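Have a look below at one chain only, the form predicted alone, in structure tokens format.
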């Protein structure tokens, strides 16, 4: 069984991001493996270990520096990596086409994992576009998955904490949510071993990706501004509790 995990090289969320020219960021910050992809890698490795002659392949599109993210995936247990080298920015439409081309050149996927979203763009589209290109069923924000030779039974968490259970035929695409597992972070020996694993590189232009009739582009980037207006809540405990409940329901709309 070949299990592919699509990973993304993203800026560290703790970094101080500077916007340049209203359409790009200063990339002189730390980049790392997208946190949701850590759950995808961990689950892919778990499934691989239950099926004989299986392997996990981490695949990424990005600049040459993105090999560091693939190495992180290898240190977490992936067997080999694929890097499509490109200095350009690609929307989710083109990204899905690139990932499909790289996967098809190297094997036949039984499962394709992604994170449910990336922490930079937060588009939450690539897994659906990839599924459409392959004609595979797709589920996202997956918090549980059981796999046999022909199907995957998954729990997908919806808004408000509701959960739907689906049965997907293999091959399929799965977007990992935070509730799926606790990522298994690598030890020093894992990191050392990962340096000996193979990362196959493709040049974007060599994949001959057909241009899509549709595309998306960044119009403008703006720093997030959070306007806060603290309010004092007075009264005894029961009154304070009731006021907090009202705020959570009517203003925050979280319950």
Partner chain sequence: MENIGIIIETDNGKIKETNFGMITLARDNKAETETELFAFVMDADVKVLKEDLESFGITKIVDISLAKEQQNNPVVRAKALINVIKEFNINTLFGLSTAMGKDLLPRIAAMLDAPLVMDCINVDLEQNFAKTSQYSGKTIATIKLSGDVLLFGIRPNTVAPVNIQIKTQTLAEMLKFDGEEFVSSSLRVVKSGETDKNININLAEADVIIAGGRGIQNRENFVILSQCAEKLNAAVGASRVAVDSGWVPYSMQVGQTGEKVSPKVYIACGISGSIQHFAGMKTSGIVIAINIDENAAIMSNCDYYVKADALNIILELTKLFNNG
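All values reported here derive from a predicted model rather than from experimental measurement. Numbering follows the first chain given and starts at 1.
The form predicted together with its partner chain exists for this protein as well; it is not shown, and the discussion that follows is about that form.
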message: Only one of these stretches, 197-205, 218-226, 59-67, 44-52, has heavy atoms within 4.5 Å of its partner chain in the model of the complex; which one is it?
response: 218-226
message: I'd like to know if residue 122 sits close to its partner chain in the model of the complex, meaning any non-hydrogen atom pair within 4.5 angstroms.
response: yes
message: Since only the chain is shown here, I'm wondering whether residue 179 would be in contact with its partner chain in the model of the complex (any heavy atom pair within 4.5 Å).
response: yes
message: Within 4.5 Å, heavy atoms only: does residue 20 come near its partner chain in the model of the complex?
response: no
- prompt: Hey, in the model of the complex, does residue 167 get a heavy atom within 4.5 angstroms of its partner chain?
  reply: yes
message: With its partner chain taken in the model of the complex, which residues across 75-97 come within 4.5 angstroms through any non-hydrogen atom?
response: 93, 97
